[in-house]
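The data below hold one chain only, encoded as structure tokens and taken in the form predicted alone.
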């Protein structure tokens, strides 16, 4: 790898005009698809554009956006994390258990509960990254195992019972808003913005892209992909811990079976947003648009009176279409087109 390639992701550096233009064009296409979807639902469902419904959409996509932000890091290095839903449940029940400790005052319990959720999420993510990288086991298998471990641990910690009745000062966050915008959505945007800065303005971010493009080249250039891969999965776990806290404040419960299927929605948002399943290509702006498309689609179909079963079919078709499009983009990239 040349010096210039070592300092920037292969073919994806924001500093390269061609790569930036292609990425902007791709994201513009996703944005146009989202705009068309909004126009369609606004025409067929009059209540779609009301302030209450818009706030509802923002609230609904918040957790998926947070999870998808972390998932983007894992997928950019060519990995995947199937455990985020189960780990989210474990983070929630551990935090909920701490919040219910009678020996702690509310402020102390809240601080320790938040720290516990973040610590559990990061520990699970780091474990996924370590096992996958150290033993060179596909992350698909490792995180599938973690899914079962975390789900079982969540059920064991709570004896399969729901934890509820948290301090009002903790759950107030779930209903707070700023200028009509849910505070939890603002938090998701801030988290996504921080992730964008990391990926586009730091050495760590450049290495994430470079590993996804050509891990062997990164190794030959003198860097240790192992460290960056573990950190990428740790970031994914951190986002899971944050999502668990948001879920608790919104629904005021911590349930050991929460999060089932959340990993699929997060992966779908990332892939629909243009991030390649093979790694090395994509952005968090695309992830935001992908999460918005999933949220708008679900909300619009509900307002149209579409049944849950049909909504699942339509959402599944959209995901399949996104994967096919990703495969098409990958072939173009292999031919030198992207």
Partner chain sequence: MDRRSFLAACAAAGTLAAAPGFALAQGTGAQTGRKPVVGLVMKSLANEFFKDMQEGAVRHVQERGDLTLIPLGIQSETDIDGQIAAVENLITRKVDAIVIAPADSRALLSPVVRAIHAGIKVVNIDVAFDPASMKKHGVDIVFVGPDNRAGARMSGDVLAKALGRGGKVVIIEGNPGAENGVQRKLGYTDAISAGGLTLVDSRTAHWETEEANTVFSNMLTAHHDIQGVMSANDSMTLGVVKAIDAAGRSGQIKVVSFDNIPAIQPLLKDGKVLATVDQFGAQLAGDGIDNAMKEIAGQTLTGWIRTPLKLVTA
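Numbering follows the first chain given and starts at 1. Keep in mind the model is a prediction, meaning the values are calculated, not measured.
Unshown form predicted in complex with its partner chain; subsequent notes refer to it.
- The chain is drawn here without its partner chain; in the predicted bound form, the stretch among 69-77, 180-188, 95-103, 229-237 whose residues come within 4.5 Å of it by any heavy atom is 95-103.
- Residue-level contacts in the predicted bound form: of 264, 114, 149, 126, one residue has a heavy atom within 4.5 Å of its partner chain, and it is 149.
- Contact check for residue 175: a non-hydrogen atom falls within 4.5 Å of its partner chain in the predicted bound form.
- Contact check for residue 90: a non-hydrogen atom falls within 4.5 Å of its partner chain in the predicted bound form.
- When contacts are judged by a 4.5 Å heavy atom cut-off, residue 162 counts as touching its partner chain in the predicted bound form.
- Although the partner is absent here, residue 155 sits close enough that one of its heavy atoms falls within 4.5 Å of its partner chain in the predicted bound form.
- Residues of 198-215 are not found to place any heavy atom within 4.5 Å of its partner chain in the predicted bound form.
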